[in-house]
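In structure tokens, the next block holds one chain alone, the form predicted alone.
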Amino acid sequence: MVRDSSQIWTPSVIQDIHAKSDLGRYRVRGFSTFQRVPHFDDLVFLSTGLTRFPLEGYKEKCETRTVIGKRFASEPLVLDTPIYISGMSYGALSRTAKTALARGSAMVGSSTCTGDGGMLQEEREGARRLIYQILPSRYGLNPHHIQQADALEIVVGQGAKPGTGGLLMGVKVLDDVADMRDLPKAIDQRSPTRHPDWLGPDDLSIKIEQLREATDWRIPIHVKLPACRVKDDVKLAAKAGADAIVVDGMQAGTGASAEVLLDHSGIPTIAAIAQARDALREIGLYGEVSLIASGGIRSGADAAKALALGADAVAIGLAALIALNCNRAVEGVDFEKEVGVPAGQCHHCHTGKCPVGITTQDPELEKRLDVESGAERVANFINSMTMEMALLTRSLGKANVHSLEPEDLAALTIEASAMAQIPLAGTDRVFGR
């Protein structure tokens, strides 16, 4: 008798059990979640008809200038676009990749973020604006580098691995990566989960005050949160004195994470933005504390929808790496031979064997990524995203991307309507209310 295949015991589930029974531990991989969850594609813009006048693209400007962290900082982060490069560490990425990202961000008047493990001098020199991350590990932390930064980002957690620390496999803990982190070479590095000098939100407010004093109250202090208990976490971070809050959804990318965290922790980015927006409104700080969305931002449409939901800016990580050539069939590179899968299906960032030289510390592989051409591709991609945002904004009859609002959106599914708090297309009903 022929039967339908099981929806519970799928081939991938069976293969997962086989792998764990061989390994004796949870599985680790890079890239992003494989879960099917509501995302930005489940929302659409309601462009103009007779209700509004659209703007002419060839003669009417759409403003994209973005100011982040003006709450207390005397020198807030001013960007030409609401899109910047998220924190990705030197170690998880090659020196060439970090340098290319910094230069690419500068070419479009944006910024880049250091990630775990400290700051590269090439990164600081290449970036027009640099955000310096402060993580529980304190790897590579340098007070002199803090004073060179244009913003600081205190990392509470990441969307790809909430409630845990960073993970860098031993194949990448080599030479100056090991030296910068003061770690033994070739040993897997599992970062601490908690900051060593503060625990709860009361302590966080003291830490923020210390960092303000160390930087003469010049630059913004961001707090990065994994999207889990969003409403409470955002309120606590805002009350602790953050100038900006980054909410990192479960679709966020990573160089290495336990698969169980990637697929079974956190909430989708669209739900996180809506909850963060409402949390700031409830405490009277919406518009005063900058809200930054990250996790699965792939295009200008995604970024525009994030701003319409309530974000002031977005941070991209995996998309920027793909712009660098991640998963691209490059002449002379055999993905199947080197990592066992064809280009376009690689998620082996944690192995250090990146065929295009991005997520590796192997000098021979790193040579495959050219800094100048990589920087140009990143700049081109961010520029294209910014143009897409402006095109959508003008189609709505608006002249500033920061004028986008929830009223400009409709949801295509009941789930997206409930998560984003947007009416279902063709109705006036917001599910979940």
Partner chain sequence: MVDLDAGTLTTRELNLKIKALAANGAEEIRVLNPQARHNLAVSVLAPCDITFEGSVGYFCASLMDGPRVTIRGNAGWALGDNLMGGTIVATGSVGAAVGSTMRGGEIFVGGNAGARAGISMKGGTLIVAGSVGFMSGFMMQKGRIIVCGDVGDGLGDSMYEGTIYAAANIESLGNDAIFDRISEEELISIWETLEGYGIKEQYQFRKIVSAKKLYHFDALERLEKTVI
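Keep in mind the model is a prediction, meaning the values are calculated, not measured. Numbering follows the first chain given and starts at 1.
Quick note: we don't show the form predicted in complex with the partner chain, though the next part is all about it.
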Checklist entry - Looking at the partner-bound form in the model of the complex, is G170 within 4.5 Å of the partner chain by any heavy atom? => result yes
Checklist entry - Looking in the model of the complex, any heavy atom of N327 within 4.5 Å of the partner chain? => result no
Item to check | Contact test in the model of the complex: W198 vs the partner chain, heavy atoms, 4.5 Å | outcome: yes
Next on the checklist: With the partner left out here, check for me: in the model of the complex, does some heavy atom of G287 sit within 4.5 Å of the partner chain?
Outcome noted: no
Checklist entry - So which stretch, 83-91, 234-242, 263-271, 210-218, is the one near the partner chain in the model of the complex (non-hydrogen atoms, 4.5 Å)? => result 210-218
Checklist outcome for this item: Residue within 4.5 Å of the partner chain in the model of the complex by heavy atom, from S74, Q121, Q345, Q147, is Q147
Item to check | Partner-contacting position among T360, S111, S137, T96 - heavy atom within 4.5 Å of the partner chain in the model of the complex | outcome: S137
Checklist entry - Mind listing which residues of 2-25 have a heavy atom within 4.5 Å of the partner chain in the model of the complex? => result L23, R25
